[in-house]
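What follows is one chain in structure tokens, specifically the form predicted on its own.
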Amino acid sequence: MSKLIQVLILLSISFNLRAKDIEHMRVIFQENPSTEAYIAWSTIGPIPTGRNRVYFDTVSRDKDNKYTQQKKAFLQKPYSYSFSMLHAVKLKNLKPNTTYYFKIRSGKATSREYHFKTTPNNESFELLFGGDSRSDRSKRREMNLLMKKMLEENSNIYALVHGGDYIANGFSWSQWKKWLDDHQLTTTDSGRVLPIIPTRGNHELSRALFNDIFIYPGNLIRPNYYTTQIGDFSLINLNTNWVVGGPQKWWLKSELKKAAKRSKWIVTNYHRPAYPAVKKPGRAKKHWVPLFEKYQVDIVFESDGHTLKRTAPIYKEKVNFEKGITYVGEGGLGVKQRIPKHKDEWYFQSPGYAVSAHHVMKLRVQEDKMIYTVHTEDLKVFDRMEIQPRNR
């Protein structure tokens, strides 16, 4: 087949898309989820379709399609290592704590109507946390359906903070495609989407596809580390697959210093654990933990170990119930669970523990406290902890 015929076939496909050919719809939160959101999707490529837009409104327009706002895709390119096409729209100046209904238009194809909620400023909200959804696709799909059920039953959940290692090989578009297909299972039957706050893990390898899929979290100066600010709640997302010291450490110190002044709650999230249940401690222990303790971070989320853990509150390498920080994790969104090798370490003494169990963690943020819970495969609450405001 000649190259000209191949191009003509691709053009024909691209300009005659059907709704089912709009794939991999996702909503991505990064720094300002109260007022901004990315909506991204895929089409059969690599030729851009003629018209790529998102139509949106604060009320459902599913019957009449009379959406009051529309936004043209600012990003259209083939995915790295792929012949599929990436499209992305950035919605700005949104209203906090508001449901937005939207449809995607690519060429002649129009998606079904979806909706998501922007986060509030200083009202109660909940976030899901979890990492390591690679390798076992069947279990990953089960965990996605579990999160769908949680989203259906709880309107106060706003996003999933994913701790990294989405797939086994970050260079593989076929693996990412399956992950994106499976992520659709988190969308409710009514079309409510579970937005993602992304974190980079070691299995993302080259960050090219990770950046394509999650629309470049951070920037060229800050590769995949950034702060998500929700009212007086600071979620600092770090990158253990980059240089942990140097510029990232300096930036972390600056962010913690600002957060200690402006925020009631400070939470950090990254992939490789400082206080692991399975592997050796990551570099975060040397470079970041002293800063966490200095600025009195409220709780730390980790992934990578493929087990469920909660440490005792740690301060200066000792259990300290007044100034100590609890580290939780560490990756249960589908990957096969390991046996914790370090469950007898001093930092797992009561109320700490380390066990093998697939899980989703949830953090409820309120004015007077945060409530951390762990939900296992049967949706039962395995663990619960209340966190009181610190005197900074």
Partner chain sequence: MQKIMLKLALVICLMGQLFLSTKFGTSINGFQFLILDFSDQFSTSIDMTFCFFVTLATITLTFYSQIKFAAFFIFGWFLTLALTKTILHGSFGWEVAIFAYAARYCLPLCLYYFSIEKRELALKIAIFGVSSTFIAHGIEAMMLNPIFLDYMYDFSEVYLNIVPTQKYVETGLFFIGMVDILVGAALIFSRNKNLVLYIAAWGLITALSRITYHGYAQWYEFFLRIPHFALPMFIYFNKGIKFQPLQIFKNKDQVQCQS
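Residue numbers count along the first chain shown, from 1. Keep in mind it's a predicted model, so treat the numbers as computed, not measured.
The same protein also has a form predicted in complex with the partner chain, omitted here; what follows describes it.
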Problem - Distance check, residue 91 to the partner chain in the predicted complex, heavy atom within 4.5 Å - result: no
Practice task
Indicate whether residue 192 is a 4.5 Å heavy atom neighbour of the partner chain in the predicted complex.
Solution key: no
Practice task
Please check if residue 241 has a heavy atom lying within 4.5 Å of any heavy atom of the partner chain in the predicted complex.
Solution key: yes
Exercise for the section: Give a yes or no for residue 345: in the predicted complex, does one of its heavy atoms lie within 4.5 Å of a heavy atom belonging to the partner chain? Expected result: yes
Problem - Heavy atom distance at most 4.5 Å to the partner chain in the predicted complex, all of 135, 278 and 286 - result: yes
Handout entry: in the predicted complex, the residue from 184, 296, 122, 169 that sits within 4.5 Å of the partner chain by heavy atoms
Key = 169
Problem - in the predicted complex, the residue from 147, 291, 205, 73 that sits within 4.5 Å of the partner chain by heavy atoms - result: 205
Handout entry: the partner chain in the predicted complex: contacting segment from 332-340, 359-367, 32-40, 64-72, heavy atom within 4.5 Å
Key = 332-340
Problem - Those residues of 288-307 which, in the predicted complex, come within 4.5 Å of the partner chain by heavy atom - result: 306
